[in-house]
Each structure stands twice: as structure tokens, then as C-alpha cells.
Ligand code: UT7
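Here's a solo chain for you in C-alpha cells, the form predicted alone.
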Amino acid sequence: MKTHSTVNPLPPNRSASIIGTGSHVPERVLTNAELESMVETNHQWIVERTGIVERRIAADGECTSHMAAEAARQAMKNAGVAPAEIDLILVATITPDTVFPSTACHVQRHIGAVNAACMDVNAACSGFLYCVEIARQFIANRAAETVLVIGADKLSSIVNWQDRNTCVLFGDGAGAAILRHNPESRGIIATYMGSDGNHADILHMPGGGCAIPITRENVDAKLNTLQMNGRETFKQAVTSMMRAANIVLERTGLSPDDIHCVIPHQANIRIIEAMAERMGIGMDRFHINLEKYGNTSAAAVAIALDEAARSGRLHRGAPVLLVVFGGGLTYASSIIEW
């Protein structure tokens, strides 16, 4: 007698939603006026070219993990999630506390998330959205129920404060989100991630890795600080962010007019203005906070998302577009049903 065994089909993938956000910035404010006494620049020059008025600078003993943990606590409180419920901690950063262990492990210790697996993701300013997509995959495949995603950077620790072309741009901070399946929402509808290593040198830190280990000589040469080709970075940022935005709009069948709010990477007001013009929508549809914080790398879009959520700007069920660009070069976009 021939028998037949049956295999239960895998359950369908689940959606993943952001159920809580949080953010943290250091207390110290560094204004454009203060920078005038540090480097050859002036307030008007900075504002006209970047839109930045001030930025936050972490204290000497305030590490990336400290800012990340505070943002995480706010996100957990907002979501009603206890530390022990977190299955996975993902930290996007280019300024880890230590090369290893990961900053995520330091955050785990700070917040008491004893049941979480932990890892860092290095995708520069695109890191938060990279981590959101990783979290979505874990939740969709039932490998995790609750994921904590954090974007955090202490860029003041890698800035060359004698380079007026870069030191005016960057600040410190952290933003966080809790992701979980919500059967009443489509959550993250579509995400696109891209990279182009052929442009790795337009925005990078040459020293500190195995290619150029830190020595007294290359520290004196500032190889352990951030370096940028501003003109090429601007061009690639606009091109890559528009490509990422158009791809997720096409995948979802939405047009720019359907998007309730755009939360872009907070790097330069001119980049955002160029995007608004190319998308054919007004600047009033963009959530912008770079005048207060400058470019906080992986934290930038996460902080802006938290601010937009807390201000009541994001309406339940409305589509939100997040779009980012970073060194690598990397870029990404997500459309989320809030």
C-alpha cells in the first residue's frame, strides 16, 4: 500500500509596522556663530549653502551607545514594549563605541534587553533604512517578533574641525523605532536599497581600518577623519535618492501626489529642494529639521521620523516616503503606511 506524506505549507509572510519611535540629541548646541571662531567661515555662508543653523555635539564621555540607548528607551515607552520582549537589536552607525563588540551589544547592556540578538550595520547615512528592511525580513519570516532598530552616530568624533567644508555639516544624535507585525496595517509597503562602490572615495574616512591602520603619522595627516568631495557628493545624492524614490513609487503604484509626507536624509537643504522640484511637490510636504541638527548620518532620518510622528504630522493609514543617501555610496527608500 502506497502512502503519501503531507507537508504543511509555510504560512504567508507577515507585514511589519513601526509601532513606536524615539530620539535623543546631546545637550550641547554648537551654533554657526561659534564655528566662526573655530574655522574660516560665517553664518550666512553656512546657511545659504546648507540650511544648517546649529548642530548638537556629544560630551566627551557620551558615546554612540549612550545616545542610542536613550532613543531606544523612548521608542520602547512609546510602543509599550518591555526590554525583555525585544528579539533583535540592529544599530546603524559609522561611529561605533568599539570596533568590537558591536554597539548593539553595548545598547543591549544599557537597556537590559537580555533576550535580544545584536548586530551593527554600516551603510553610513543610509543605515537606518537598511536596518528597517532587515527587521522587516526577520518579522516577515517569523524569525523575530519584536525588533529594535536604531540609527546613531557621534560624528563629532571623526570630523576634522579645521576643514570648513565638512565641519559645518555634521552633528551627533540617535533615533530609534520598534517594529512588530500589526494585522491592521500594511506597515512597510515597499523598500529599495542600492549601492555603488565605484564612488566609495567621494565620502569616506580613509584611516582606521586594516588598509590604513591608525599611526601617529596618519593621525597627523587627518586620515582618521571624514573626507568629502562636496560637489560630487551633492550630484550623486540627488541622483541616487531620486532613483530610490521613483523605484518604490513604481513598485507600489503610487505617485508623488499620493505621498502624505516625505522624510528625506537631512544633509543639505539644497538636496531636498532639488528633490522637491524633480518630484513636482511642494517643500511643505517634506519634514525637515537639519537647521537644528545638521547631518547626523544614520540618525538623521530616524530623528526626523520621530519628530514627525510626535508632532502629529503622520496620519494613520497615510503613505510616508523615507529616502536616504550615504557614503559607500549607499542609498535607500521606503514607503510606509503609518
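These numbers come from a predicted model, not from an experiment. Counting begins at 1, following the sequence as shown.
This protein has a second form, the form predicted in complex with oxa(dethia)-CoA (UT7), left out of what is shown; the following refers to that one.
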In the predicted complex, the one of 233, 156, 102, 95 near oxa(dethia)-CoA (UT7) [non-hydrogen atom within 4.5 angstroms]:
233
Have a look at 279, 271, 288, 58 for me and say which one sits with a heavy atom within 4.5 Å of oxa(dethia)-CoA (UT7) in the predicted complex.
271
Within a 4.5 Å heavy atom cut-off, is residue 295 in contact with oxa(dethia)-CoA (UT7) in the predicted complex?
yes
Hey, in the predicted complex, does residue 222 get a heavy atom within 4.5 angstroms of oxa(dethia)-CoA (UT7)?
no
Against oxa(dethia)-CoA (UT7) in the predicted complex, would residue 267 count as a contact residue? Criterion: heavy atoms within 4.5 Å.
yes
Is residue 76 a contact residue for oxa(dethia)-CoA (UT7) in the predicted complex, using a 4.5 Å heavy atom cut-off?
no
Among 65-73, 49-57, 23-31, 305-313, the stretch whose residues bring a heavy atom within 4.5 Å of oxa(dethia)-CoA (UT7) in the predicted complex is 49-57
Sequence-ordered residues of 93-127 touching oxa(dethia)-CoA (UT7) in the predicted complex, heavy atom within 4.5 Å:
125
